[in-house]
Structure formats: structure tokens, C-alpha cells
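Taking the form predicted on its own, here's one chain by itself in C-alpha cells.
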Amino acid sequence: MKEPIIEITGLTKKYGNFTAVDHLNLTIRKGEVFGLLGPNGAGKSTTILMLLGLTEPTEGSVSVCGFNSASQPIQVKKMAGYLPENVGFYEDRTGFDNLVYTAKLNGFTSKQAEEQAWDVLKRVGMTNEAKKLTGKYSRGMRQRLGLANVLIKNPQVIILDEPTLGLDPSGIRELLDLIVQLSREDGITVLFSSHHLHQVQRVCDRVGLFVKGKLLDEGDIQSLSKRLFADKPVIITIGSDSFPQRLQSADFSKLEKRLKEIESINAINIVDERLVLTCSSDVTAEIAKLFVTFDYPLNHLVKREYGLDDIYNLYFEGGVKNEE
């Protein structure tokens, strides 16, 4: 198992009587893509500010790359890069000049800064726009340049807040691929905050569910699904080329009778010439074997999987009543 890169213990932030982050405990490991998921006001942004040493916690501690964010904020800023939702640049300078300026602020010599600027521009696919004034950049180009600006200092951790905002579909795909590449090939730890569930599900190794300042749960999508929906029925949908001709036949009645003998199957319904089975446990293999025995060719056998949409709905749209 890879070593921890971010360690959060009992992290709490209060503004008067309002608790923005409530005793957060979390460990994020090197090279991991971790998704921060939750509605506005859930405490994600405040957590990010404390991670970067931009605001001090009321209680608890957070360390990034072994440095305490509250007492060693300069060291943390050297190790971590942050791409906010809205990126600002000197609009009367080119994208290349903006990156060179940032590199020099981070201690690079002029030659090193120029070399680094070209390198990160290439990584984010921006070499053709390098000499264009940033004031003429589209929203998508600014996001790409923002990511290049984050990468300029070779960070070990990057924090991305809605990084795909304003990108077209191809740009979103390329940026998400780049995020995965930074994690898998370069070992960079990525914190990815987004409201786009399918994007989070595509790139994140784990997600944390934030509600009212609390981390309610965390884990990969599969393990979260198993925990949260353990008491939900297993829905199995079956399709066969034989169904249109055989659904009313005697041999189908025999098949249906055998299905009813499987203890885990609670209900059998026919929907649009497909069987929909409601089960108390996963009996997919047993069902498939039975269909082969009765000589029904299967062209569709799908077990209902609970994804991030279901998890989000459960926690953030009224499915779970959280403690105040």
C-alpha cells in the first residue's frame, strides 16, 4: 500500500456558532485520485483552504507531504498546486509569459522557467496557443492554462475545483485523461471537486461524501455501493431471442416454475419481452445455468448495479436523514 500523502485528523473549522467542517478524519495516499463530493455548503471548500494553509483550523490537524498546513504553510504551498473554479491571468501577456512568471516566482531561473513552461504547455496540449494573449483565450483554454500553471512547480498534490467547467466534450475527455495520467504515470495525488457525477466516477479511485461539514462516508464506488445498498433487492434483467415466441409456451412455464424454486428470487415480472427478477441475493450464475439447461439462448443478462448517481441521491436528495 502506498504511503499517505495527506493526513487529516479531527479537523474542525468554526465561524462563530457555525461549524463549516466537523471533526474530519481522512487519509489520502500517493498517486490517488480522490473525489470531494457534496452540495454547496458541505464543507469542501473550507477543507481545501485548510489543506493549503490558507485558513487555520479551530481544532485538529492536517498535513500534506509531511508538513503541517497550519504551522508550515509555505512548505505545503511548495508541494501542492491549486486550480480554483475561476482562474486569473495577466490578460495582456501570453500564456507562455504567464507560466514563465509563475515559474520564476517558484524559484526557477529564466532558462529553467522557459523550459518548464514549454514542457507543461505540451502536457496540457496548449503549445499552439502559447504565444496568444490570455485575454483572447476561451474558457476552455484558460482552464488548460490553469492546469499548466498548477503543474509548473512539479507538485506532488494538485487540487482541482470544477476543472472541466466551460470545456466542450472533447476537451473534457482530454482533461480527464490527463488527470488519470498524472496519477498513474507521474504519481501525483489529485483532489477532484466536481458536481458532475459521471466525471467523478470515471477518474476517482475513491470519493468522500460531504454533508453539513461532516464526512459521512468514503471509499471506492463499489465498496460504497455494497455498504449503502446491502439491504436493497438485487434486480436481474434477462433477455433471449426465444422470448417473443416462447413466453406463452409450456416449456417456459416449466422454466418459470424452476425459477420460483430458487429461494432468493422473490418476484418474476415480464417487461417488454424481458424477464425482470427481484432477488434477495445475487443468483446470476444459477439463473444463467438454468436458462442454458432449458435451451434458451441469452443475449441479455444484467444485474442492477448501484453507481454514484444512486449514492448521491441517497445522501443528498432526501434518501438519508443526517444528524444535525
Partner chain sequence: MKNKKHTEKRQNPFTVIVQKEISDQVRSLRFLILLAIIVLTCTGAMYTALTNIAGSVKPNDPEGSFFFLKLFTISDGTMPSFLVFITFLGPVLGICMGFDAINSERNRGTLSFMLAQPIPRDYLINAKFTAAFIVISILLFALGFLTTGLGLIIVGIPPTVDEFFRIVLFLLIACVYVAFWLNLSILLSVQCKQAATSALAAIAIWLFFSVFYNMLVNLIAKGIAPSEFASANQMVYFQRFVLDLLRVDPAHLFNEATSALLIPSVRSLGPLTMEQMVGSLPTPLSLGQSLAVVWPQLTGLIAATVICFALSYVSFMRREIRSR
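As the structure is a computational prediction, the values presented were derived from the model and not from experiment. Residue numbers count along the first chain shown, from 1.
Another form exists, predicted in complex with its partner chain; not displayed. Remarks below refer to it.
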Of the options K214, K153, R206, R123, which one has a non-hydrogen atom that comes within 4.5 Å of its partner chain in the predicted bound form? K153
Single option in L105, I235, V180, L247 placed near its partner chain in the predicted bound form, where near means a heavy atom within 4.5 Å: L105
Applying a 4.5 Å heavy atom distance criterion, does I268 contact its partner chain in the predicted bound form? no
Is E185 close enough to its partner chain in the predicted bound form to count, meaning some heavy atom within 4.5 Å? no
4.5 Å heavy atom contact, T55 to its partner chain in the predicted bound form: yes
May I ask you to check whether K111 falls inside a 4.5 Å heavy atom distance of its partner chain in the predicted bound form? yes
Sort through 94-102, 169-177, 239-247, 123-131 and report the only stretch with a non-hydrogen atom within 4.5 Å of its partner chain in the predicted bound form. 94-102
Stretch 132-147: residues contacting its partner chain in the predicted bound form, 4.5 Å heavy atom cut-off: R142
